[in-house]
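Take a look at this single chain, the form predicted on its own, given in structure tokens.
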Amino acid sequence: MTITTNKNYFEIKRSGINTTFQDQGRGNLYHIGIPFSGAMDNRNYQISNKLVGNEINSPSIEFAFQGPLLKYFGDNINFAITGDVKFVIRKKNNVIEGSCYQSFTLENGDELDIVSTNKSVYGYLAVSGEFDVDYQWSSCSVNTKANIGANNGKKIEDTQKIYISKINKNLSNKKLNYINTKIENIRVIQGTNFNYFSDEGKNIFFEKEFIVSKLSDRMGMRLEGPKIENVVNTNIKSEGLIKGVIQVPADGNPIIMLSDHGTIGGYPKIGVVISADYDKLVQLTPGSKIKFKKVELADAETLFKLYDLETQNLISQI
């Protein structure tokens, strides 16, 4: 049973860092310069929705590092938070320490304080209902660089109200025993401009460590480390980019294109992060060390099928 109303809403007391609405993104729009966007960590996004009984592709709130402080008004509603996140629920004079991968009930007047992520970047908040958000090209995903998606394409802001148009009244609590694991060896397939780089540059790419820089966001992850030498041309005619592609500009420091990436670019591409490693890649905080490992395309396809199967198995346990 669902209740349709606009009396249920969150009031944003603190918006947090880069708090946006996301779903699984929008496809088949590269030809007009629109990337997929969508949740950065797709596995954690899907699990958050399943924990509250939503459809897998329902809108959720994605936050980075520090999450929002929200005060809830309305009928009882369940919520779940996924990722590696510290949060508390304030019920009048009672403070409850929250646990990820478990649903909780919010009552009228309760506060949800998503304090921070723990040695990771992104977390997800889903509620047992439908956020009242606008869609563009069949997706609510916000891309702040292009101002598209829900909330006029902007981050959630202080004092804003987020309305919930429907609440699923099945308030049974759910829990999943799941622990996020770290990744240091990022597997990649060879890029289309791989031969632009010297043998030494290729060896450096696969054998040396790189550091995730502070200049990273939903659009791209900049790395610092030993310079990768280009022996052909540090620029090419602009051509299509995809999520996970690794460009190397003239300074020799790789840039990994992430979910809100531009759809064309003119830097040579040395590799592409395989889809099976993407969710864990985006959770690497600034200062993290990573190494690249080469795999063949057929292996990358198999690894993704296995990763997707593991995700579906986790969801089926809820």
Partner chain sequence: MIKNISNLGDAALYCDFGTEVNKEINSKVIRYFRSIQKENIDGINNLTPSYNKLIISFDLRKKKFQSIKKLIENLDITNDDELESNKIKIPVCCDEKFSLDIKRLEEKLNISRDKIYEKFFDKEFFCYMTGFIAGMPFLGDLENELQAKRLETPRVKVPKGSVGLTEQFANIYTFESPGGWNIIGNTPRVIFDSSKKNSPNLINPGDVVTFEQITKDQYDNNNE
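Numbering follows the first chain given and starts at 1. Model, not experiment: these values are computed from the prediction.
Keep in mind the form predicted together with its partner chain is missing from the figure; the text below concerns it.
*Asks:* For the interface check, one of 133-141, 86-94, 119-127, 73-81 should have non-hydrogen atoms within 4.5 Å of its partner chain in the model of the complex; which one?
*Replies:* It is the stretch 133-141.
*Asks:* Taking heavy atoms only, is residue 238 within 4.5 angstroms of its partner chain in the model of the complex?
*Replies:* Yes - in the model of the complex, heavy atoms of residue 238 and its partner chain come within 4.5 Å of each other.
*Asks:* Do residue 300 and its partner chain share at least one heavy atom pair within 4.5 Å in the model of the complex?
*Replies:* Residue 300: contacts its partner chain in the model of the complex.
*Asks:* Does at least one non-hydrogen atom of residue 31 fall within 4.5 angstroms of its partner chain in the model of the complex?
*Replies:* It does: once its partner chain is placed as it appears in the model of the complex, residue 31 has a heavy atom within 4.5 Å of it.
*Asks:* Please check if residue 171 has a heavy atom lying within 4.5 Å of any heavy atom of its partner chain in the model of the complex.
*Replies:* Answer no; every heavy atom of residue 171 is more than 4.5 Å from its partner chain in the model of the complex.
*Asks:* Heavy atom within 4.5 Å of its partner chain in the model of the complex: which of 281, 47, 61, 274?
*Replies:* None of the others qualify; the residue that does is 274.
*Asks:* Could you check which residue among 222, 202, 145, 155 gets a heavy atom within 4.5 Å of its partner chain in the model of the complex?
*Replies:* Of the candidates 222, 202, 145, 155, 145 is the one lying within 4.5 Å of its partner chain in the model of the complex.
*Asks:* Can you tell me which bits of 36-53 touch its partner chain in the model of the complex, meaning any heavy atom within 4.5 Å?
*Replies:* Result: 36, 42.
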